[in-house]
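Form predicted alone, single chain, as structure tokens, below.
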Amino acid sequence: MSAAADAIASGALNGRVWFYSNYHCNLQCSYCLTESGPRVLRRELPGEVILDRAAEAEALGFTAFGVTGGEPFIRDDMPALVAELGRRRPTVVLSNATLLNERRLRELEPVADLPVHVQISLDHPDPVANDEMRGPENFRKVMEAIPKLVERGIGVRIATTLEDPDAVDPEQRERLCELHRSMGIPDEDHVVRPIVNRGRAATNDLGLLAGFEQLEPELTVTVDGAFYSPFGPTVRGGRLDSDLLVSRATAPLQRPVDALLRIADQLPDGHDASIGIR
């Protein structure tokens, strides 16, 4: 068994490998970690690189994959990539769901028979409040996309990102839960997480501070290198943050894995991993 597999089995390392597929997006959310938007540099991680690193991750004992951005489905090759990842390991792809037109939905149909979930951002049960953070018509497009995915048998999760989840009005949270339940999404597939004070959120003075001791070690591969967490490869003022970078090299994957394990081994017992993405 590899050192990574041992660490995953003991709980010292998350078994999911994340891939930042790209940084550009059709939206420009106020708390975006990567300052994503329509005009940013794409910084795409090529599909063949994603699949090569995924194969290495399998051999090292990693148990799941995640794809994030930017908006992954802005890429034409994303449905096929997600399907191939899902054939290898359980996979989640984070999306704003606003680009899931009929063509894209047809292209996604093969993942219905695979352990794949599309994790969709939905922050508020009221359209106006939701769209203030995420952009015009976001709520409407999400409400249209979710039933179409569910009808096709494609796994869906809902991700709610809030300034302070503990301070949310219980009535508001229940209304949001009733909304996703009405579309066939159970409570166990509803993720609620705080805004992290990085990227555009930091510029707008939003969210919680987070570094090595507040984040769970989750190997995250980008075109710029490998990071400690999917919260790591953030952008502020157009510049990539490197404080959570573990290795500029991502191949062979063993190199960033070894670097990540060395860092994780030095963390104090009981460090807070409560804001990890799943």
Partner chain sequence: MKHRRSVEQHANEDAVSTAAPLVELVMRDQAPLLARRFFGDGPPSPITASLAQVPELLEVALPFIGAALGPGALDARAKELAILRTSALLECRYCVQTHTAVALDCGLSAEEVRVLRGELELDAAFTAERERTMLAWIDAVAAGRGTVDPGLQSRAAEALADHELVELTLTVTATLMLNRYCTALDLPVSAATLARLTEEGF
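What you are looking at is a predicted structure, and each value in this text was computed from that prediction instead of being measured. Residue numbers count along the first chain shown, from 1.
In what follows, reference is made to the form predicted in complex with the partner chain, a form of this protein that is not presented.
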Item to complete: Spell out, yes or no, whether the shortest heavy atom distance between residue 242 and the partner chain in the model of the complex is within 4.5 Å.
Response: yes
**Message:** My question is simply whether residue 41 lines the interface with the partner chain in the model of the complex - judged by any non-hydrogen atom within 4.5 Å.
**Reply:** no
Margin query: I'd like to know whether residue 247 contacts the partner chain in the model of the complex, with contact meaning heavy atoms within 4.5 angstroms.
Written below: yes
**Report entry** Heavy atom of residue 65 within 4.5 Å of the partner chain in the model of the complex
**Finding:** no
4.5 Å heavy atom contact with the partner chain in the model of the complex for all of 255, 259 and 262: yes
Among 27-35, 66-74, 46-54, 233-241, the stretch whose residues bring a heavy atom within 4.5 Å of the partner chain in the model of the complex is 233-241
